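In structure tokens, one chain follows: the form predicted alone.
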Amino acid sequence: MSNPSLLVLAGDGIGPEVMAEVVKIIGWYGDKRGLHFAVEHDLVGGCAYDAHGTPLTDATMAKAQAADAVLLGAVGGPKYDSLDFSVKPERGLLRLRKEMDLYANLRPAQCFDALADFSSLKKDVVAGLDIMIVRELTSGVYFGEPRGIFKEGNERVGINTQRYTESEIARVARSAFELARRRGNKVCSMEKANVMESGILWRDVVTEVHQAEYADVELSHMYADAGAMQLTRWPKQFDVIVTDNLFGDLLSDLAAMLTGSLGMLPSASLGAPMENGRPKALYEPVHGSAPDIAGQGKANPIACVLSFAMALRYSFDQGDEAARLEKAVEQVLADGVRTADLLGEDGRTPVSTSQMGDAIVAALDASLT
């Protein structure tokens, strides 16, 4: 049987630096655990525009469709700000999400004990935090029509349309309920049913799916603005949060900072199962391309590493090996190894991007003894 395939799209800015550490870890799994992957590299984002005049070529899109999973670093940077909207680096990422139909974005927010002091909230509020936000990713206001900037009379009008179908809501709700069954068995659905018709439909459909298929899972509903407040008041009340594209974008970034650093947080975007039974999937860190530190060896690779751990769990049914990698990261942090973004005021010297990767590999080695 052929090895599972991984398409690596390192992207722009710090993307290639953090992805190099993931490739190092992929190699470790082949050498030490017999988990071999067929890895192919290609371009996305600004580097693809520089090479081909488009942020994602049709050939790369075809490779992504065929791969068992896609690993992405980051895209964008100020040098591309003046490009036409249609060819901005981010359009490559949006095309991947849309054409692969990656409708469920999984954004964990986990606070490692060693980093609890880095949160802007009190330690007792965030210590041990482990929640999952499931964001609908391929519909809603980012994709709805009509959209654009139009002239009405003597002024311009910007229009974006919030649009959801029953089936789009139902499938992301099922993803959330399935995840909850493997976690704390609790889902909170967030929308704005008090002021938006799409919110009313969202609440109705999530309730219908729950009653018909997942009555064993505890379901609650909350307005998204109230949910933002509750995430900062007592985030550990939640297990799985499911919400739409716009609110999910906002709430997941809010939850990210509860943990202390965007450089720590992975994500998975999952779609329908392929012929081999695996879901179409793209894994990427939450952070951006950070062009201000690109090429300096300062980037924290942990979010990208943990994104690969999610790939092990959700695309390759290697939950034990995913846990091994996550525990290795936790051990490295407990040992006090820090990139610059994780340093407090204790005067320690930060490690480089590659040194953090080496430390994680060493912890993986230690897990075998």
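In case it trips you up, residue 1 is the first one in the sequence shown, and so on. Just so we're clear, the structure is a prediction, and the values are computed from it rather than from any experiment.
Just so you know, the form predicted together with 3-isopropylmalic acid (IPM) exists too; it's not on screen, but the next bit is about it.
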message: Please tell me whether the candidate spot formed by 298, 330 and 333 is one where all three residues come within 4.5 Å of 3-isopropylmalic acid (IPM) in the predicted complex (heavy atoms).
response: no
- request: Just one of 108 to 116, 152 to 160, 181 to 189, 92 to 100 has residues with a heavy atom within 4.5 Å of 3-isopropylmalic acid (IPM) in the predicted complex, so point it out.
  value: 92 to 100
Partner proximity in the predicted complex: residue 249 to 3-isopropylmalic acid (IPM), non-hydrogen atom cutoff 4.5 Å: yes
- prompt: Can residue 135 be called a contact residue for 3-isopropylmalic acid (IPM) in the predicted complex at 4.5 Å between heavy atoms?
  reply: yes
message: Even though the partner isn't displayed, in the predicted complex is residue 164 close enough to 3-isopropylmalic acid (IPM), meaning a heavy atom within 4.5 Å?
response: no
- request: Indicate whether residue 223 is a 4.5 Å heavy atom neighbour of 3-isopropylmalic acid (IPM) in the predicted complex.
  value: no
